[in-house]
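Just the one chain here, laid out as structure tokens, in the form predicted alone.
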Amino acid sequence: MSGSSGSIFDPASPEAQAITHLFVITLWICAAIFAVVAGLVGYCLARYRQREEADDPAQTAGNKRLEVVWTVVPFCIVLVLFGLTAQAMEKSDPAPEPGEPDLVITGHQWWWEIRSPKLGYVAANEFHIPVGERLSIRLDSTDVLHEFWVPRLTRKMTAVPHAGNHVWLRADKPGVYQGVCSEFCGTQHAWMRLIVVAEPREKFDAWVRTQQQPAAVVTSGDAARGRDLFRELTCVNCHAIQGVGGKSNAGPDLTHLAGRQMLGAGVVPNTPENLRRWLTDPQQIKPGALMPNFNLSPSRRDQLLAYFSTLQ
């Protein structure tokens, strides 16, 4: 899919376009101010440089005309920037509408939980949206301040513990858009990323139907033993799998773990080998992550891997 870049200079929504437009105009205004100031300084250095044969220049105590100019011109520039900023704010951050949000996104150290109150699904670090449709998002946090930001789609917005903030999210063209936490939140702040997949409505609906389904049923073999281990070990105290057990959101919901692109909120691709490494020692992959090393035996690790591979 197209659109994997995270550059603010390639906006893919009206909200992001408004922010980029303001940034570019401000940049050009600053460049013009720099050029004028640097040009005047250069002119003065060349025109009024000290010469051995010249007398000291006359000292001027004040010049009302110049004082008026350097007061009025910056004031007008500030007024223009204020007007452009107010316009960008109105376009990029309209007031939330009454009613339930489309998504509730909660920041954890260090991963993102995505819940849809209207469609009834739970995801982690990756979610899909329909192209061309604006979504209302409520932001929350369970621990410290996080900051939700998908540069090409929306503005930055802080997720404050137990005090919801709001942001709008929209993509005008299909693509995979990278998001981050842009407020330092601890050891693994740099690996608190998320993926937003924008796709046509029919593909989005198909993805939602998949997310709404409980975990695949397994009845025999290593996969069944892995499911039982998930219930018997402390996994179920932190993770939930729909239809199997667990209600906590201390760790990501694993119902559709095998269908995700990344592990550890973007730290490594979601491959069988990387999942094996994660189960062997998560601290080796993501130091500081809240999941400890359980020192699983090779047979137990293989059984859990067999089960997790069924969670499409």
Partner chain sequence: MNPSSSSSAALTPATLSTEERAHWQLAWVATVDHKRIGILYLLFTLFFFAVGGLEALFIRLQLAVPNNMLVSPDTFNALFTMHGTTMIFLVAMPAVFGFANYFIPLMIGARDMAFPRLNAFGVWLIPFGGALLHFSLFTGVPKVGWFGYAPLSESPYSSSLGVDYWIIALLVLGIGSVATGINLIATIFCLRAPGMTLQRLPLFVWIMLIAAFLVILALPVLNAGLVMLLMDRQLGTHFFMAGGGGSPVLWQHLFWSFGHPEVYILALPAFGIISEVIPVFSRKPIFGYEFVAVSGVAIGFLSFGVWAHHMFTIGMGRAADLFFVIASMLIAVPTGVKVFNWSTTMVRGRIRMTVPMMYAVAFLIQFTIGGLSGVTHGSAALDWQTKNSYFLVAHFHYVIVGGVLFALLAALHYWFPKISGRMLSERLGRWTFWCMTLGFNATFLIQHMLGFAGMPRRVYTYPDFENWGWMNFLSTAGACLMGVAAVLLLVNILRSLSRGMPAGPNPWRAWTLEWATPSPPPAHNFEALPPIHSRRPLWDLANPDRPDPVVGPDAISTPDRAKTSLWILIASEAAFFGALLLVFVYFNIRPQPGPSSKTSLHLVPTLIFSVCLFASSFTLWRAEVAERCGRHRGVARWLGLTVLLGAIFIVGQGFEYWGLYRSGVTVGTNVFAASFFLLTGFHGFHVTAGLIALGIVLGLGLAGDYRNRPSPLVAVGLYWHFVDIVWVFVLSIAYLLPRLP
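Note that this is a predicted model, so its numbers are computed, not measured. Positions refer to the first chain, counted from 1. Between two forms, the rigid core is defined as the largest C-alpha subset superposing within 1.5 Å.
FYI, the form predicted in complex with its partner chain isn't displayed, but the following is about it.
In the model of the complex, every residue of the candidate spot (Ile8, Leu22 and Asn165) has a heavy atom lying within 4.5 Å of its partner chain. A heavy atom within 4.5 Å of its partner chain in the model of the complex is found for exactly one of Arg225, Arg155, His128, His239: Arg155. Though its partner chain is absent from this view, in the model of the complex it lies within 4.5 Å of a heavy atom of just one residue from Asn249, Asn274, Thr26, Gln261, which is Thr26.
Only one of 229 to 237, 100 to 108, 73 to 81, 199 to 207 places residue heavy atoms within 4.5 angstroms of its partner chain in the model of the complex, namely 73 to 81. Although the partner is absent here, Leu119 is not a contact residue: none of its heavy atoms lies within 4.5 angstroms of its partner chain in the model of the complex.
In the model of the complex, its partner chain sits within 4.5 Å of a heavy atom of Pro57. With a 4.5 Å cutoff on heavy atoms, Asp172 does not count as touching its partner chain in the model of the complex; it lies far away.
Contact annotation for Val176: none of its heavy atoms lies within 4.5 Å of its partner chain in the model of the complex. Of the residues in 33 to 70, those that come within 4.5 Å of its partner chain in the model of the complex through at least one heavy atom are, in sequence order, Ile33, Phe34, Val36, Val37, Ala38, Leu40, Val41, Cys44, Leu45, Tyr48, Arg49, Gln50, Glu53, Ala54, Asp55, Asp56, Pro57, Ala58, Gln59, Thr60, Ala61, Gly62, Asn63, Lys64, Leu66, Glu67, Trp70. In the core-superposed comparison between the shown form and the other one, the C-alpha atom of Tyr48 has shifted by at least 2 angstroms.
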